[in-house]
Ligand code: CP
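Form predicted on its own, single chain, as structure tokens, below.
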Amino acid sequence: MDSKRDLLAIDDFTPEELRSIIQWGIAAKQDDGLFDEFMPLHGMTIGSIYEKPSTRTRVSFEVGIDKLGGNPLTLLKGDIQLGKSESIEDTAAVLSRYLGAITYRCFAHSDVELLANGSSVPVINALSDLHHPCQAAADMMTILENFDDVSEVKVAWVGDGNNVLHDLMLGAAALGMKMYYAVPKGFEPNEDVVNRARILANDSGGEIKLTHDPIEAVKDANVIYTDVFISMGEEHMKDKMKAFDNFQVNEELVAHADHDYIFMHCLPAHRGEEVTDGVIDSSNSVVFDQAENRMWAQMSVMTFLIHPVAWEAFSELH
């Protein structure tokens, strides 16, 4: 039996696997009648553990699992003894006896690593403080839907050096894009993640560049991406907002981008803080396509990890 694989960060997939997974998601999205008969998770229950509340993650996983013929089981923080009266590893070993895979939306990345180490079924990181690979898969899918040659695409991030940026950077580097990220001084992304992205970019012909000037990042950009400045769990850090005074994505800033740029945001958005209504509601905005793509990209990821034979069979037909 092949050893199981997990998705804890987007670079757990090779660049070739990532591109194929994204293309699979695009093909599945375009095939209206596919899931009348294609049910690779039939007879399986997929468990999803949530330490943090969620709209897009929970709904996209539950609906996606159902479309794939599986049964979604949602476990909220208070529903199980994870890390309380039972260790994470023991919980993982128990859940592995019931479930076909486990998704985990958590605070500490070390916890999803422990869960994966203790599990005999695939574990998917549905968000941690360090990585958000499912979001990156949807992001890459959205970019590939909008640009034929991603090697010519410049992605500009304006905001905090957070978990969303980490996997966006890794995904863009893997696929050969130019990635400019503008963050305030003192809010740079994790250096280990940046180094991993630089290695990927060197291999793919992409580019990774740090700046503290949003205009430099956005100049001639094809994609502009931002996220909330204060993430979930940081609500007590109100003073943090002062560092982002010049980092709002507004009409003045996006005027420096390519005229056909797309605007992306992982949502939920704090309108009037990191982005104006004029930008997020503009014809350049693809934020709701991006939100929908969470489901399609995750369906591809789940099939790839849980039932690779079915994933490959679908790939050969499309």
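For clarity, every value in this text was computed on a predicted model and none was experimentally measured. Don't overthink the numbering: it's just position in the shown sequence, from 1.
Separately, the form predicted in complex with ligand CP exists; it is not shown, and the next lines address it.
Asker: Answer yes if any heavy atom of S285 is within 4.5 Å of a heavy atom of ligand CP in the predicted complex; otherwise answer no.
Answerer: Output for S285 is no: heavy atoms all beyond 4.5 Å of ligand CP.
Asker: T45 versus ligand CP, in the predicted complex: is there a non-hydrogen atom within 4.5 Å?
Answerer: No - in the predicted complex, heavy atoms of T45 and ligand CP never come within 4.5 Å of each other.
Asker: Would you please decide whether R56 lies within 4.5 angstroms of ligand CP in the predicted complex, comparing each non-hydrogen atom pair?
Answerer: Yes, R56 is a contact residue.
Asker: Taking ligand CP as it sits in the predicted complex, is K154 near enough to touch it, meaning that at least one heavy atom pair lies within 4.5 angstroms?
Answerer: Result no; K154 lies far from ligand CP in the predicted complex.
Asker: Which single stretch, out of 108-116, 90-98, 129-137, 175-183, brings residue heavy atoms within 4.5 Å of ligand CP in the predicted complex?
Answerer: The contacting stretch here is 129-137.
Asker: With ligand CP left out of view, which of L34, L267, I280, I26 would have a heavy atom within 4.5 Å of it in the predicted complex?
Answerer: Spelling it out, the residue with a heavy atom inside the cut-off is L267.
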